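Shown here is one chain on its own, the form predicted on its own, set out as structure tokens.
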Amino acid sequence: MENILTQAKRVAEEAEVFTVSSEETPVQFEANRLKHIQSKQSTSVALRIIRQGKIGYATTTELGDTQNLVNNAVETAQFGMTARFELPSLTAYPKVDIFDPDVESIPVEEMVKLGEELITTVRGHTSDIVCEAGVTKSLISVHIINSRGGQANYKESIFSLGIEGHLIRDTDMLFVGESQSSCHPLLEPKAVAEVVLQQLELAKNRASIPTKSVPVIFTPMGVACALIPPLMTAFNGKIVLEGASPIGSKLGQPVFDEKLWLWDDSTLAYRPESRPCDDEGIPSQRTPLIEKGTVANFLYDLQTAALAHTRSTGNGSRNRGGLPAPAPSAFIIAPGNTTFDEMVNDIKEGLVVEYLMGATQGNILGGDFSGNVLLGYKVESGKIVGRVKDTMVSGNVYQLLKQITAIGSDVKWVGSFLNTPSIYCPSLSVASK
């Protein structure tokens, strides 16, 4: 890395070298059986330069080919955008615990056993279900140095396990699933399996729902499917700069229900999206996005922050090696004080949405979503009475979140990117066959 930086400094005013190495061991199950075990290693080096005021960029996986990397970065700088930022100098980073050496030492045999246990538990409840499962351990090392003396170096461990089940009976198809991820080993599959068993229990009976607007409860997974993708786009500083975000001009204004609080946080201990700094060497932080319904901030990397005349929020992400762009680390929605059961009890006729299929195919920039309810339940007189079929929902995130009936006290991680409670909205448009 030092050699690349030295060569780059000879031909550019500023330079930055970003290296990421990863070692991943996924254990995959398909059709209730072990399918394959792999071990993958990769290292990539990215060079970003500022030459004659413009950004040049190149990346390689050939670690000995330093001169070619520098030459390619110089060539792209001819056509690059004008650099508005300065690379960070040497700085202190928050202590963020994201590495557990126990992950590395977990034998593959134990990972296979975890996957088998997940499938056995689920099939013990419903024998004709067909399951896919995955157990994966990963180790990631990141190293950043630049021509202003800035440098960062950290190592992360990630362990994840999950299961999906498909149950086909005549023309009826049921999809269930759950997953967890952490920087610690996850050696108790019971919590994942129990969620799937609960889904199977709730889906045992069928129910129909009329075509009209009804109250709806989005479970944490439902929030992730329907409500979060438009918000992630709207709070992206690049989208705000382009004038495409519907909330871009509403900083400091109330846009959402005052019960809603949302922030981005890359400093949480032992979470896969946490880190001491972003991919440009900017210290990690907790960034409030919605406070009491009011738009509080947007997410920026160095370039977009400079163009917006503000500072980076530490959200520069390279997606394992690309040019930096603003991206969320982990979205956190503050819990309320209403239990899930209390929300259900409050509904005379309505819907619980667990999974939506195709929700992001609408006008995501405008906040619109629509999709098939892949897994959802009918509520009648305060009770879940069965699973709905052939049902679509559609709505707008900004209209839904402007008036929230209740926010749940049940908080859950969905994947590695979202921590959210259930959200109960007074009205959503439903269409069913």
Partner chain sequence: MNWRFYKLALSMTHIEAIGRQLALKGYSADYVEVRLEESQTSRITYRGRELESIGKTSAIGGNVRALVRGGWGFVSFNNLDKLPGTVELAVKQAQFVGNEESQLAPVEPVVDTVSSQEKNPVAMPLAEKKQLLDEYNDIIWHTPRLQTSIISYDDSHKKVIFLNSSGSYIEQERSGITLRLTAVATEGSEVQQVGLNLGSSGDFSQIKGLHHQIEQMAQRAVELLSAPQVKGGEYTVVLDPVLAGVFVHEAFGHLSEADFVYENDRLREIMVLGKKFGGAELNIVDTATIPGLRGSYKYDDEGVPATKTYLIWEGKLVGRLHSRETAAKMKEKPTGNARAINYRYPPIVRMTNTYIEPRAASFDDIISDIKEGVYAKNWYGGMTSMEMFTFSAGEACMIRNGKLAETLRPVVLTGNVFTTLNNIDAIGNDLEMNQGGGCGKGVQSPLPVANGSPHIRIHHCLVGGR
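Numbering follows the first chain given and starts at 1. Worth saying up front: this structure is predicted, and the values here are computed from it rather than measured.
What follows is about the form predicted together with its partner chain, which we do not show.
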- Query: Using 4.5 Å between non-hydrogen atoms, is residue 405 touching its partner chain in the model of the complex?
  - Reply: no
- Within a 4.5 Å heavy atom cut-off, is residue 374 in contact with its partner chain in the model of the complex? yes
- Message: in the model of the complex, is there a heavy atom of its partner chain that lies within 4.5 Å of any heavy atom of residue 175, even though the partner is absent here?
- Response: yes
- Task: Decide whether residue 355 counts as a contact residue for its partner chain in the model of the complex under a heavy atom distance cut-off of 4.5 Å.
- Result: yes
- In terms of non-hydrogen atoms within 4.5 angstroms, which of the given stretches 270 to 278, 341 to 349, 188 to 196, 125 to 133 touches its partner chain in the model of the complex? 125 to 133
- Message: For a quick test of understanding: in the model of the complex, does each of 38, 109 and 363 have a heavy atom within 4.5 Å of its partner chain?
- Response: yes
- Item | One residue of 381, 61, 67, 52 in contact with its partner chain, assessed in the model of the complex (non-hydrogen atom, 4.5 angstroms) | 61
- With its partner chain left out of view, choose which of 211, 105, 253, 208 has a non-hydrogen atom within 4.5 angstroms of it in the model of the complex. 211
- Message: Do any residues of 221 to 258 have a non-hydrogen atom within 4.5 angstroms of its partner chain in the model of the complex? If so, which ones, in sequence order?
- Response: 238, 239, 242, 243, 244, 246, 250
